[in-house]
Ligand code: L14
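Just the one chain here, the form predicted alone, laid out as structure tokens.
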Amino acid sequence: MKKKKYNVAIVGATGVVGKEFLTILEERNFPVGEIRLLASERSAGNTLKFKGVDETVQDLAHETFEGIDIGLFSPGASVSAKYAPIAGKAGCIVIDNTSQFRMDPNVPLVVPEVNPGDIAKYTKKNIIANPNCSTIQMVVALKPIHDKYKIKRIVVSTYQSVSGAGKEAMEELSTQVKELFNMREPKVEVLPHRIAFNCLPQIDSFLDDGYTKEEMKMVNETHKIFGDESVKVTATTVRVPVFVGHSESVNIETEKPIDPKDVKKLLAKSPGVIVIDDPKEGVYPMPSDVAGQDEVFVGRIRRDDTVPNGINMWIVADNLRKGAALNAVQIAEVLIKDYI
């Protein structure tokens, strides 16, 4: 007999994604019994509201996860590496938003609109990985196309907001803008260079081949989520001075003949996708418009005439919601519906 309510722990509760977990659980009326908010020792004792009640943040270091059904994790990767297995052994099913377990062959990497059946593999470790934010929005838009036309190659350039680097990066952008308007040289402490009125072609550290870890996440995670390593993927990821919302310029080449009008019709009826595409009227998705929205928005769908079966498109989503907290809660919804 299924439970009517589930005890939920949020690890990293005071971070931007942790707070978004609380908002989305409440918005979607997830059947929460006990809510347990966990963070570092310095955040313990603070309170956050959930359904109008002040909930006290507890020290993660003292947590056993006994009695917890689902753990929504969004701390640092090293914290997840330590505590997610502890939670899993205690019977808690962890949905982890960090990069720690994404490429673990014994941990499913899931986007519910794309590969919900992979959730069943959680039993190996009691851990499910949430993909990278930029990967999530791209595969939601591309999986219907891949299923119908078989994508051969993906070239993606991202324009990622500072919230993807955490609340400290958001604060740094805000502070730098103020400093520049007051004719003062801003400090650079969180991101590699000044982000205000600038674009940084670096997210995460560089690898020996010149790509960044963020770029290779998009390559490797797309292969795992699609279950198809034959798709060639190359990425350039860029940090831009936007607070919330990631944008992507995506070029694909397919095996089968493909027409932009058919792609628009296909995506318009695909789960989790909204097509906004009337460029003559200046209508296309922008991060300022999609902040706070759950769907992945697609526009600028047009033919690439340089290859036989090519399409260009523009993909935008709220990285804190669909790119992180919402995707994790959607996984939890499938869990309680079909598995626990």
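Residues carry their position along the shown sequence, with the first being 1. Owing to the predicted nature of the structure, the values given are computational and were not obtained by experimental measurement.
One more form of this protein exists, namely the form predicted in complex with this ligand; it is left out here, but the text below deals with it.
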{"query": "Interface membership of T158, this ligand in the predicted bound form, 4.5 Å heavy atom rule", "finding": "no"}
{"query": "4.5 Å heavy atom contact, L109 and this ligand in the predicted bound form", "finding": "no"}
{"query": "Heavy atom of R102 within 4.5 Å of this ligand in the predicted bound form", "finding": "yes"}
{"query": "Contact of Q176 with this ligand in the predicted bound form (heavy atom, 4.5 Å)", "finding": "no"}
{"query": "Proximity to this ligand in the predicted bound form, single hit among R194, K125, K217, H146 (heavy atom within 4.5 Å)", "finding": "K217"}
{"query": "This ligand: the contacting residue among T222, T237, S247, N97 in the predicted bound form [heavy atom, 4.5 Å]", "finding": "N97"}
{"query": "Stretch in contact, per heavy atom within 4.5 angstroms of this ligand in the predicted bound form, of 258 to 266, 147 to 155, 162 to 170, 116 to 124", "finding": "162 to 170"}
{"query": "Heavy atom contacts to this ligand in the predicted bound form at 4.5 Å, residues of 109 to 140 in sequence order", "finding": "N132, C133"}
